[in-house]
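Before any questions on how it binds or moves, here is one chain, the form predicted alone, in structure tokens.
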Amino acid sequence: MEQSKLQLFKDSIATVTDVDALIAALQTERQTSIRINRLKINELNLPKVPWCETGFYLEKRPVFTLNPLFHAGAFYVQEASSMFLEQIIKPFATRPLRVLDVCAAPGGKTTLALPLLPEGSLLVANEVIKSRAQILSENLVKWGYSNSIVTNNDPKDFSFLKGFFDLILVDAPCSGEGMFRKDDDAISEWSPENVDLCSKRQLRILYDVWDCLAPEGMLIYSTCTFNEKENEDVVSRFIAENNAVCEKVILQPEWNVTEREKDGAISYRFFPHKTKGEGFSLSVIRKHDGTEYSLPKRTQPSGNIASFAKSFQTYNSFLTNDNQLIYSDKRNILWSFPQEYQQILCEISSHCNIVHAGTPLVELMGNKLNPHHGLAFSIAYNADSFPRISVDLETAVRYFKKEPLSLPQAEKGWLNLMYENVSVGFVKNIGNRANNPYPQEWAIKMNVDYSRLSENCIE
């Protein structure tokens, strides 16, 4: 960062922390961390992220693209500081919750929240940028939970759900100061003008979704930046104008998380020279007033939902969980979704652009039925649905690279590939080769040296 810009940055955070210590920390190598999907893999013998039960630090950063378990949703690569979200959601989730993650892509906080929510909960994950919404959809399909809906909308488009959500997550677009150690572009794009612009946009997003929050609901506001303008100043102005209050979070001293208060705003700050993670700030806002949501008497599916039909229920045998409805989308794919939220799914589909909802099961192609690749990733997939075959590391990577496979010893027909006891996908074995239906848009694009794959395994 050029000296004049560096001085402006220092001035903007001078009241927040020890500037010189922070700058020195930003020159050091960043820490890599992951969060596991406990319904797919067991604990790892690695140092744990202290504020997240499923978070682990890695000694070095492997090429995750070459790890089949990464593609199968067995773990998610997430910055450790942002895993602090667990400390707010877990004690709040004492009953089924309706959750909106309004700036959700690529899916880190959404995949963190889903396992923490009690049975009967619903999570709507939204992303305004279409290309990022597709990435969000891919990551949620791989994570394997059916009680989620992915939308591609502006935050203000959810105004029809007044008082519906118990919990709203706003990981707001910001100037990215917390990413300086990680991303060179974040440094070059930083400016005081961009900080001002971001703070205005952040406040607008809060106003756009506030009416969607139920009385006594909580809104978690977070950024990956250091300055007060995008953190305490945004929060203090918002709570003052909306008769809301900030909630305190219980901290452990050894975490070295910094609690700050300013004009009624309470923030929890992660500074790289104090905590083992990147820059991050989080505030918890409680809403006291407002009205509960009332579902319209009549709701009809629209958008990407083509139909619900009882005849589809035969495909429920592919799953182990009960109380799921089956619907088709306009691409002739059948999806599984919680029965109790059928009406709200119809209501959302009539107002929002739904990218996907629930778990994909099969694709109907004339008289043929092909298992959908997303079914293999579901945490409720019935492992007896298709014959299973264990494959080695190279074969699994070749599958995710969408290369043709050869499985001469396996039976013919649809097979469920297993790698290290994790379901990774389906192939159709026709004898001399196995057809690989893995989607091209999800496939590994990089060149692969298959002789060095083991270097990317996570112990």
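Residue positions are given as counts along the sequence shown, with the first one as 1. This is a predicted model, so every value here is computed, not measured.
Keep in mind the form predicted in complex with a small molecule is missing from the figure; the text below concerns it.
Asker: Exactly one stretch in 300 to 308, 121 to 129, 351 to 359, 233 to 241 has heavy atoms within 4.5 Å of the small molecule in the predicted bound form; which is it?
Answerer: Result of the contact check: 121 to 129.
Asker: Report yes if any heavy atom of R201 sits within 4.5 Å of a heavy atom of the small molecule in the predicted bound form; otherwise report no.
Answerer: R201: contacts the small molecule in the predicted bound form.
Asker: Could you tell me if R98 has a non-hydrogen atom within 4.5 Å of the small molecule in the predicted bound form?
Answerer: R98: no, not in contact with the small molecule in the predicted bound form.
Asker: Taking any heavy atom pair closer than or equal to 4.5 Å as contact, tell me whether A104 reaches the small molecule in the predicted bound form.
Answerer: Close contact exists here: in the predicted bound form, A104 approaches the small molecule to within 4.5 Å, heavy atoms only.
Asker: Any of the heavy atoms of D171 lying within 4.5 Å of the small molecule in the predicted bound form?
Answerer: D171: yes, in contact with the small molecule in the predicted bound form.
Asker: Here the chain is shown alone; which of C346, I379, A93, I205 has a heavy atom within 4.5 Å of the small molecule in the predicted bound form?
Answerer: Contact residue from the list: I205.
Asker: May I ask you to choose, among G163, G108, P115, P338, the residue with a heavy atom within 4.5 Å of the small molecule in the predicted bound form?
Answerer: Residue within 4.5 Å of the partner: G108.
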